[in-house]
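Okay, so here's just one chain, in structure tokens, the form predicted on its own.
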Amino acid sequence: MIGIFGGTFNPVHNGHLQLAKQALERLALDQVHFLPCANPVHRGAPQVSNQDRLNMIRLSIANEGQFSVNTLELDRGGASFMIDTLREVREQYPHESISLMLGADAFNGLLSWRQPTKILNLAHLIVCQRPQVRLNKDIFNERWVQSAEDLQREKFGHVLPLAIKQSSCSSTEIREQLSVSKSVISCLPKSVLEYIVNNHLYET
């Protein structure tokens, strides 16, 4: 089973890595693909280049054999719509169970995405749950399941809530801190912090 973990990763941080590891272990995923978007539809464009974000992801997962980076959206360019990406992923892995990993906030806004109902014809949804965010269980209410085994039996079509250990790391706060100081930041992998400093990223 393949997990798809999309985002701007601006920059990738330890919270992202911890979430991916939790999903990998608790759902017995075979792989997690980090999928950086090109031009996000629901937020502003990243202030660093696509190549820099890609390089930072590669550095952060260099020692994680079951993590990889998927460049479909960067290669395609333009606005990043998940339905288009999942169609390409499904073409690449026609016989695999594929699960799209979403935060609770993103899931609650899913009906504003392009062709949301068709997403479940291509993948399962893993909704990473935080205590302070109430899930809207009216969304695809007939598709909810409670175990990883339910996902493994099918290639697509289910929604699984996954309570995760929450990280305090935030890309927004990291960028703000980097704009005023280059001190060591506990939320960043060492290799990523060194890359940011050496390439003068996020400077004001």
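One-based numbering along the sequence shown. Note that this is a predicted model, so its numbers are computed, not measured.
What comes next is about the form predicted in complex with a small molecule, which is not displayed.
- Contact here is defined as any heavy atom lying within 4.5 Å of the small molecule in the model of the complex, and by that definition not a single one of Gly3, His95 and Ser147 is a contact residue.
- Of the candidate stretches 114-122, 127-135, 67-75, 84-92, only 127-135 has residues with heavy atoms within 4.5 Å of the small molecule in the model of the complex.
- Put simply, Ala106 is close to the small molecule in the model of the complex: some heavy atom of it is within 4.5 Å.
- Taking the partner from the other structure, the small molecule in the model of the complex has a heavy atom within 4.5 Å of a heavy atom of Ser170.
- At the 4.5 Å threshold, heavy atoms of Leu19 reach the small molecule in the model of the complex.
- Interface membership of Arg175, defined by any non-hydrogen atom within 4.5 Å of the small molecule in the model of the complex, is confirmed.
- Though the small molecule is absent from this view, in the model of the complex it lies within 4.5 Å of a heavy atom of just one residue from Arg26, Arg43, Arg143, Arg153, which is Arg43.
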